[in-house]
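Given as C-alpha cells, the chain that follows is alone and in the form predicted alone.
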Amino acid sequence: MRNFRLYFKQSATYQLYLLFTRQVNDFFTTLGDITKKTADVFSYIFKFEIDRKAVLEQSARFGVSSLPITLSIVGMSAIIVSMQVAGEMVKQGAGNYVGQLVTMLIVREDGVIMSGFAIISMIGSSLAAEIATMRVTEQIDAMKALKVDPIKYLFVPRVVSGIIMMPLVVIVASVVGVLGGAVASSIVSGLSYRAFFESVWYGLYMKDIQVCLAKAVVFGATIAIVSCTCGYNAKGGAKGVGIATTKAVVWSFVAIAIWDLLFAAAFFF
C-alpha cells in the first residue's frame, strides 16, 4: 500500500489534481482579496478621504497616456465592421440602417469593450507592475511602518481616476469610431454621410449612451482595483512581478467580460 501511494503521488493524475486544487484555491483567494480591497477602497471614497493631487496625476496617466492606442483600436475595429457590413446592406436595400447598426455596435459594445482592453493592456499592467515592484522591494512594508495606509495611498487615487477618466476615454473613442464607420461606409458602398448620420439620429437612444457610460464607470473601477490588488499580493522578486502583472491582465479581461454580460442581460435582454 505504501509503494502504491508513492507511485500514485508521482503519477500525472496526481500532479494534475494538485495543479487543479492550487488553481481553485488561488482563484477563490484572489476573488476574496479583490472583494475586500473593493470594500476598503469605497469606504475611503464614500468618506471623501481622497488625495486630489494624486488623483490628478493618475488621471493624466489613465486617460491621456492610453488615448492614442484606445482611439486606434476602436477606430480600426469600427472601420473593419463598417467595411464588412455596409456594402452588403446597401446591396440588400437596407442602406438606411447602416449608420444605426454600426453606431449601436460601437456605443453598446465595441467602444467600451475595446477601450477597456486597451486600458488593461497599457495602464492595468502598468499599475500591477508598479505596485508589485513596491511590494517585493518592501516599500509597502515601509509605508505600514510609517503608519501610512497603502489602500488609501495607492489604491484610492487610481480607482478614482479610473472612475473619472474611463467614461471620457470611451466617449472620445466612440465618436472616433462612429466617424471612422461613416467614412468606411461611404468608401465601400457609396453611402452618403447624410444618410449615415440620419440613421444614427433615428436609431440611437439615450438609454444606449447611459448604459455605455455606466459600463465605463464600472470597467474603470474594476480594472484599477483588480490591477492594484494583483500587484499588492505579489511575492518572489522579479518573477513575482511578472506573475502579478500577467494575473492582473487576465483577471481584468475576465472581469469586464463578465460585467459586460451582466449589463447586456440587465438592459438589453
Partner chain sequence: MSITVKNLVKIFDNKKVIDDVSFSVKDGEVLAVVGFSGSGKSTILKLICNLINLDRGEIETSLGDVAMVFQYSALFDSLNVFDNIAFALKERKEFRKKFNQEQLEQIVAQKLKLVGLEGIERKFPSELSGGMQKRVSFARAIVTEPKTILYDEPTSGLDPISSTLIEDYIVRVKEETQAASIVVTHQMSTIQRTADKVIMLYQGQIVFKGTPKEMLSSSNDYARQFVSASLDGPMQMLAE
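Positions refer to the first chain, counted from 1. Because the structure is a prediction, the values reported are computed rather than measured.
The same protein also exists as the form predicted together with the partner chain; that form is not shown, yet it is the one meant from here on.
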Would you check, heavy atoms only and a 4.5 Å threshold, whether Lys91 touches the partner chain in the predicted bound form?
no
Report yes if any heavy atom of Ser192 sits within 4.5 Å of a heavy atom of the partner chain in the predicted bound form; otherwise report no.
no
Examine Glu49 and determine whether its closest non-hydrogen atom to the partner chain in the predicted bound form is within 4.5 angstroms.
yes
Should Phe197 be classed as touching the partner chain in the predicted bound form when contacts are defined as heavy atoms within 4.5 Å?
no
Interface residue in the predicted bound form among Val188, Val176, Met134, Ala118, criterion: non-hydrogen atom within 4.5 angstroms of the partner chain
Met134
If we test each of Leu168, Ile80, Val148, Val183 for a heavy atom within 4.5 Å of the partner chain in the predicted bound form, the one that passes is Val148
Candidate stretches 121 to 129, 83 to 91, 152 to 160, 104 to 112, one within 4.5 Å of the partner chain in the predicted bound form by heavy atom:
152 to 160
Though the partner is not shown here, which residues of 126 to 145 have a heavy atom within 4.5 Å of the partner chain in the predicted bound form?
Met134, Thr137, Glu138, Gln139, Asp141, Ala142, Met143, Lys144, Ala145
